[in-house]
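Okay, so here's just one chain, in structure tokens, the form predicted on its own.
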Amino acid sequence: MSRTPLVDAWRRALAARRRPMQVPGHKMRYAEGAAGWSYDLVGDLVRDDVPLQGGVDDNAYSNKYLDQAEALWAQSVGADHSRFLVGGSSQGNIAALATVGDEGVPIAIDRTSHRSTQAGLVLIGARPVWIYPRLHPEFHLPIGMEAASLTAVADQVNGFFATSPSYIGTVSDVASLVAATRPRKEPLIIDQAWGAHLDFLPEGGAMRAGADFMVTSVHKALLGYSQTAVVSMRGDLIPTSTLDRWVDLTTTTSPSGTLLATIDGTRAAMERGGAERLALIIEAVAEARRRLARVRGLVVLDDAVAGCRVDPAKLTLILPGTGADGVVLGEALWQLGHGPESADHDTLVFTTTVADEPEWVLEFADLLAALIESHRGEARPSSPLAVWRVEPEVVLTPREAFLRGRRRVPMREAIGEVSAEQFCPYPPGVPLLAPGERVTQESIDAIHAASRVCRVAYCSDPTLETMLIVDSA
């Protein structure tokens, strides 16, 4: 077996200069540098686009290049079975939840999880039993899910879903979660979307810690094309064919061989020299944290500050002690071409990856320190994001609320009603209010507060003046 079966097949397909009489519509002609009436508009954009079907492989997938690449990935991360995804970790979360859930089945889900968990609940009709990570006593940021949170609801649920690392980089002790759930033989899903690189550190990621399912975004912290992700699993609790069924249901029937090949290439690159490269980046981030910690009033999130493990490649800054406004700093960084992962009044989050140069990480830290000094103000108390503190009243399952009749009302008149839609600040992509949950004054205030610092997504009225509620008539 080739060590990079998809990459090698993609290169052969690109070099073949075929003239296919099938899709894609651009016929892979731009790979030849073909000039024409549309090249200036789309040529550079699609010249490397090779479909999996009829491109990288034949129409029947008889060469099984994708199967080979998925098997290599599973072996690399300690899984029994892996599936490549072109719908991001959102698709992976949906497929994993659907594999363990069913109509009316209760599943314990970390409330700080990505909004795609809500999509999975709508699709399968499972009933969420929300569980909550610890919050930092001073900064009120999530600092990891504890095993006690899972055992407290273990008698009520048929599976568990937790997010680690969190959006800000805090990492749960997955081994302790496994120890709490494994004896019950109820599957544990870990959304490791932000931590694909953890699989290539010596201690490994969630799979090697014993999780039953793991979802990772190859495009977030590694080298994959945007949208690329992987869902992996063990096969001793649930047949791997069940996951296959849900991945196939939720994916496109015209997958891009180019996107899929970047997952294969990323795995090979990380096996070849990823650990050494990660070590350089981690060392640079550690030094960047030390430099930034010298800025008066600035809190830099690390293991000691958080009281839990923090992703060694993440740079999260807590600003109230400097008086600087993270939204203003974020806009200034965008103007400089260094846009942050997220920015709110109190917090800045930056993602470093193996594609960054260690020297640049240190240069950026110095630039950032100077920028904070130039925007210094009076120190203020923390005002944490409401998404980390939501404890909703679930009236209906997300599926029931999604499928029932609905009506539009002014948002201020919706208090006490049941939401028929989702309000999700981006970033971090965690819902403030979801279908089936009771609308409260607190949730409305939080939605409007979030709209002042970021985009509130997936709601039907972007002005936030009205909302859809479940029609009880």
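Everything numeric in this text was worked out from a predicted model, so none of it was measured. When you see a residue number, it is the position in the sequence shown, counting from 1.
Not pictured, yet referred to below: the form predicted in complex with a small molecule.
Within 4.5 Å of any heavy atom of the small molecule in the model of the complex lies no heavy atom of residue 213. Using a 4.5 angstroms threshold between heavy atoms, residue 160 stays clear of the small molecule in the model of the complex. By the criterion of a heavy atom within 4.5 Å, residue 191 is counted among the residues contacting the small molecule in the model of the complex. Contact annotation: residue 136 falls outside 4.5 Å of the small molecule in the model of the complex, judged by heavy atom distances. Site annotation in the model of the complex: the residue of 399, 219, 83, 234 reaching within 4.5 Å of the small molecule with a heavy atom is 219. The single contact residue among 89, 99, 347, 170, judged by any heavy atom lying within 4.5 Å of the small molecule in the model of the complex, is 89. The partner is not drawn, yet in the model of the complex one stretch among 309-317, 289-297, 161-169, 118-126 has residues with heavy atoms inside 4.5 Å of the small molecule: 161-169.
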